[in-house]
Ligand SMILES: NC(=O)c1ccc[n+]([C@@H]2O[C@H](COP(=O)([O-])OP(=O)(O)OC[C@H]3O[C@@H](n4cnc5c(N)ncnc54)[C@H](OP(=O)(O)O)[C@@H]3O)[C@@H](O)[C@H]2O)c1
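This document starts with one chain, in the form predicted alone, laid out as C-alpha cells.
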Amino acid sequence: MHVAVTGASGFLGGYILRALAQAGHSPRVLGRRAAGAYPFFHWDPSSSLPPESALAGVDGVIHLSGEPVAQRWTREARRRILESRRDGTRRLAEALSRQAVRPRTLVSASAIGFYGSRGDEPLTEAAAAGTGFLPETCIEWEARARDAEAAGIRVAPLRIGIVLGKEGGALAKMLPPFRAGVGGTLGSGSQWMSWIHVRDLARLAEFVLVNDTVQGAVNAVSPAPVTNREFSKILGQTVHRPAFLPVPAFALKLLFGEMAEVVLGSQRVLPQAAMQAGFRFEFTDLRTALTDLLRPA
C-alpha cells in the first residue's frame, strides 16, 4: 500500500514509518518536517489543506499530527492542543474527500484521555467518554476524523496510551530520576497506567490500517495495565535502583498545573477491539517490555 503519514517526524512516527516499510508498504511523510529518506510533502495543518499531490495515489493515511500535551496548560497551550487536533484533522478529512480516488482507510491518532480519570473501572472501547479538557479534546479529534466516513473512507481512531520507548515519550522523561536513584511513585501510586511498547504500537497501527474488519475506535494499550506504584517498582528494579521517593500530588499540581491530571488520573484501559480482531501483542508483561527497551544496544 501507498501510505501517507502525518506528524511523522516525532518519536512515534519514526517507528510507524519503519513498521510500514518492513511490512512492504510505501510510506510518504506529510507535515512540517521531513522524516528520514521517505518522500516528503510539506503541510502546515494549522493553516491549509494538504496539497493534492501528497494524497494522490494513496491507499491509506495514518494521522499523528498534534500539539504536544506534555506542557503546562496555559490558556494559549490549551487552545493550541485543541485546535491542532480538531482543525488539522478537519482539514485532512476535507482534503481526502476531495480526492478523485480516495484512500480506503484513515487511522487517526487519539488518546485514552478520551475516558477521563475513572479509578479502577475497566475501560473497553464501548465505555463512554469522560469529562474535562482531555476527553473533550479527544471527542472533537475523533469526530473530525469521522468526517471522512461520509466520503466512504473507513476511519479507525487509535486511542493511544502511555507509549514506552527510550528515545521519547513518558519513559524517556522518567529514566533520568530513576537512574539517579530518586525515582518513585507519583501521588498515591494507586492510579492505573495503561501502557504499550512502542514497537507494538507501530505494529498495531499497521494492523488496523490493512485490516478492513476493524471499525471504529481501537484502544492502543497492552492488555496488562498496572498501577503507578507497580510501574515505579518494576522500573526501579529494571535499572537496578531503589524507587522510594514519592512525588506528592500537590507538588505535581504546583509544577504542572492542570496538566498534572495526565499523570495523576487513573485509566484502566483494555484493548478489546484489537484482540477481538486477532492482533497479537509482543509485549504483554511490563517487566519484559522494560527489559527489552533498556538492555544495552
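Start at 1 with the first residue shown and count on from there. The shown structure was predicted, so the numbers you read here are calculated from the model rather than taken from an experiment.
Below, we refer to the form predicted in complex with this ligand, which is not included among the displayed structures.
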{"item": "Three-residue site G13, E67 and I160 fully in contact with this ligand in the predicted complex at 4.5 Å by heavy atom", "value": "yes"}
{"item": "Listed residue that, although this ligand is not shown, lies within 4.5 Å of it in the predicted complex (heavy atoms), from S117, Q99, S84, T227", "value": "S84"}
{"item": "Interface residue in the predicted complex among T105, S110, T185, Q191, criterion: non-hydrogen atom within 4.5 angstroms of this ligand", "value": "S110"}
{"item": "Stretch in contact in the predicted complex with this ligand, which is absent here, among 31-39, 231-239, 244-252, 265-273 (heavy atoms within 4.5 Å)", "value": "31-39"}
{"item": "Touches this ligand in the predicted complex: P27 (any heavy atom, 4.5 Å)", "value": "no"}
{"item": "Contact test in the predicted complex: P45 vs this ligand, heavy atoms, 4.5 Å", "value": "yes"}
{"item": "Residues from 124-155 in contact with this ligand (non-hydrogen atom within 4.5 Å) in the predicted complex", "value": "W141"}
